[in-house]
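Here you get one chain, nothing else, as structure tokens; it is the form predicted alone.
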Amino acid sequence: MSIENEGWSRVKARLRTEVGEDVFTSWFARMDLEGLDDDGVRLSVPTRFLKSWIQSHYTDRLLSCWQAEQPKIGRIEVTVRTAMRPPVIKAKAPEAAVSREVAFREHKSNGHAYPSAMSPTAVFESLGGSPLDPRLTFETFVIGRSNTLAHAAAKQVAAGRRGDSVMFNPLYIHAGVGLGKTHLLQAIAWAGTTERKVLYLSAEKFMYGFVSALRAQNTLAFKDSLRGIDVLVIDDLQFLQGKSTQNEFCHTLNALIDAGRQVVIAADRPPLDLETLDERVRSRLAGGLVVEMGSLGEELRLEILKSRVIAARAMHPGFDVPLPVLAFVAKAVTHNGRDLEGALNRLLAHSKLTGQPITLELAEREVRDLIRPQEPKRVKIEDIQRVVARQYNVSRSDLLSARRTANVVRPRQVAMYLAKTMTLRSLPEIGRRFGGRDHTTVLHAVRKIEGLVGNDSALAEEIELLKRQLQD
């Protein structure tokens, strides 16, 4: 055995003593020593998830164990090595599947969180634990008026400790594309501590993990591994499909919340607008703290650009963008943060490849295709109900009630008509949002108002006025 490997063996022994056998087996058993130089250690693991987890939870402990062996060590580098994934071995008969699940339950009864044949790492790999981007932390998140509440709620969640009472559960953040949802969710995951198990998953990876568990007849291990998580973070929930997958997600959500575990969800719309999800899931999500992240104002866009320039300068010391150029980009590129990132990357590429200074004329030319026309305001059914109720001097509860008096029926029909013409919601969804009515009722209301508008100029003017109020 080489001197390096002897040192690595002693470090592993020390690490096993400090963290315990279960933790060591879960996270470090498949870590290998790749190299050792004057002041640093290069280690490798087989998956990106393992790398992200170890970097966010155990880097300092690894470093201290190495320094106890070799005090000159000052840095730890963890990489992902290329390896073939072993084939999934399926049970040959139903009895084999039953015996494996019985063994799992017996293992849990002895006080272990995972079956001996399936470590948490293996479970998370089957879940497809999504890798974390090291740039997406609370330190790099730029706060503005449109995201202050979401940021504060995310920080509150990240600061929690095991055993603390959960204040916001679930925390549900919704916003359009490129407005910072994923940044906040990954920041929560990065801020996790060694005493809390944090799992970050996209909805797609959740579906993949569940389907893989079904095929491998490992559903019991899948369920128990998820429900042993302290903080479950799910991104892009709008992509969750499939009745069985949604049922499993619903059971997991209920189990975690009832056990006082933290759940954080992000999607591109509010819970009640996720029409493909079961109503029980929508209701449970809406029962937590629902926070919307609004569009990026010009001032916030400028601050984001400034922070990105500083970050880029750390890698490219000569990179500089004059303030007037940043102000122009912030004013012109309005759609989302990803477009801002793309604009800055173009300026960086020009600076590195040509060596020429970045001017206003250059910026105008480079970001021309990122300047999009202003999109119309997204109208919500709740806004329509509020504006119509105010216009006709009735209450929103009147619109949702079963009352059939003339002073309520007409405003209700107008509101349903506007919901159909100004939103992308389906007839069944609109009916559900108007007191659980049938889609045929909504269709009747829409046709009724369409017929009246052509003959009643006063009603046509009222509806145009309502549309302008909703779009302002």
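None of these values were measured; they are calculated from a predicted model. The numbering used is simple: start at 1 and walk along the sequence shown.
There is also a form predicted in complex with a small molecule; it is not shown, and the following applies to it.
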In the predicted bound form, does V177 come within 4.5 Å of the small molecule, counting heavy atoms only? yes
Heavy atom to heavy atom, is L296 within 4.5 Å of the small molecule in the predicted bound form? yes
Can any non-hydrogen atom of G337 be found within 4.5 angstroms of the small molecule in the predicted bound form? yes
Is there a heavy atom of N147 lying 4.5 Å or less from a heavy atom of the small molecule in the predicted bound form? yes
Exactly one of T140, Q156, N247, N254 comes within 4.5 Å of the small molecule in the predicted bound form through a heavy atom, and that residue is T140
Just to confirm, with a 4.5 Å cut-off on non-hydrogen atoms, which of S351, S202, T182, N169 contacts the small molecule in the predicted bound form? T182
Among 223-231, 388-396, 338-346, 67-75, which stretch has residues whose heavy atoms lie within 4.5 Å of the small molecule in the predicted bound form? 338-346
